[in-house]
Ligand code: IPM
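One chain is shown next in structure tokens, namely the form predicted alone.
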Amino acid sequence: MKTYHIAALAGDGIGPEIMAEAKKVLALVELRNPVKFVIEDLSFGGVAYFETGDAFPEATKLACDKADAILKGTIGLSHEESKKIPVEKQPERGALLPLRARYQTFANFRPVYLPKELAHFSPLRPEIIGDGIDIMIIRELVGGVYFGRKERGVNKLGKRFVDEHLEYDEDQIRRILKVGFETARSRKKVLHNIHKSNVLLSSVLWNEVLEEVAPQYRDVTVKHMLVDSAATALCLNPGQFDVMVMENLFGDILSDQGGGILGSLGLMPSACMGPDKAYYEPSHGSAPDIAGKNIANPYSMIGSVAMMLEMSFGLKEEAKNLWAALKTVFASGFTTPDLARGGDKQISTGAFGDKVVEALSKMPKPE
């Protein structure tokens, strides 16, 4: 029996509620497979700052260092609560970006997945959705303007200013492009390269490196698209995409747009992969307005567990079973109030998690 250590960072807002449902699933996976999960709950985000004065405390860092994988909930505070924390120490800057930098989780996988069981959530017309949407957005996660040099202050004219640098080197670009090509090769062998080379020199370099990498993947067709065109195309014809690769800022924006296509970021889990460690998280925020009400859908948190089972622990069959269990619950007409549309049977966060566990328990056990 294999033992895996998981660092659980429940975070802020609805994070603890949806993390509880992830743990229910992991407990059942233990019963169905020759594995044991040792889960350590750790403070992270706004709650950690108020407890310790640090959004990413040293104790949490050390525990994450030792873990086989990190399962992260949601972070972030309301506008009023955020103002109680210095800008540089707010959860996104003080916890999330340092987490990515510490483990160099440069490859962010964000599936935009809309099977028929979820199609009614989407704002797109049925003729646009067709038989469903299945896109993998691959976002470079530790470079670009988010991690470049930053300065703010008052200039010689007495005007407040900011100076933020977009920085990439060819090695950073090459490694994420290889992930994009490898992922495309394992799927439909079509890679959309998203860039802005008509304006940004960073995209010019990006495309130069792509031309150097592409000959290693002659079985993959590359299609180039400007990021603004891609934003339009995602709404008008999302079925043309399979794998999309892009830099950090573009990936942040387009993957959130992907959530809009699905009908909610609550339907978008993600995996953040580094050379030695990965963390898994919902793509959405902490939703402080509904925190504590037990109405948030845990799909993206449980989907992140499915990605962790496959990508970090090699439990591919059980991951497929978990995805199927999630679809089964939606196909049965159940959802939570935050996602509910007309005709849906509304249940609580905990009840939704219970139904996923029930559906998973009926799946054939992996051999």
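Note that the structure is predicted; figures quoted are calculated from it, not measured. One-based numbering along the sequence shown.
Not on display, but discussed next: the form predicted in complex with 3-isopropylmalic acid (IPM).
Engineer: Under a 4.5 angstroms heavy atom criterion, identify the one residue in 192, 277, 100, 196 near 3-isopropylmalic acid (IPM) in the model of the complex.
Structural biologist: Looking at the other structure, the residue within range turns out to be 100.
Engineer: Could you work out which of 168, 109, 121, 146 is the residue within 4.5 angstroms of 3-isopropylmalic acid (IPM) in the model of the complex, going by heavy atoms?
Structural biologist: Only one listed residue qualifies here, and that residue is 146.
Engineer: Thinking of 3-isopropylmalic acid (IPM) in the model of the complex, which stretch from 280 to 288, 211 to 219, 169 to 177, 225 to 233 has heavy atoms inside 4.5 Å of it?
Structural biologist: Only one stretch passes the 4.5 Å heavy-atom test: 280 to 288.
Engineer: Checking a candidate spot here: are 26, 30 and 310 all in contact with 3-isopropylmalic acid (IPM) in the model of the complex (at least one heavy atom each within 4.5 Å)?
Structural biologist: The answer is no: none of the three residues contacts the partner (heavy atom, 4.5 Å cut-off).
Engineer: How about residue 77 - does it come within 4.5 Å of 3-isopropylmalic acid (IPM) in the model of the complex, if we only consider non-hydrogen atoms?
Structural biologist: Residue 77 lies outside the contact set for 3-isopropylmalic acid (IPM).
Engineer: Taking heavy atoms only, is residue 85 within 4.5 angstroms of 3-isopropylmalic acid (IPM) in the model of the complex?
Structural biologist: Answer no; every heavy atom of residue 85 is more than 4.5 Å from 3-isopropylmalic acid (IPM) in the model of the complex.
Engineer: Just to confirm, residue 92 within 4.5 Å of 3-isopropylmalic acid (IPM) in the model of the complex by heavy atoms?
Structural biologist: Within the cut-off, so yes.
Engineer: Might residue 133 be said to contact 3-isopropylmalic acid (IPM) in the model of the complex, defining contact as any heavy atom within 4.5 Å?
Structural biologist: Contact check for residue 133: no, nothing within 4.5 Å of 3-isopropylmalic acid (IPM) in the model of the complex.
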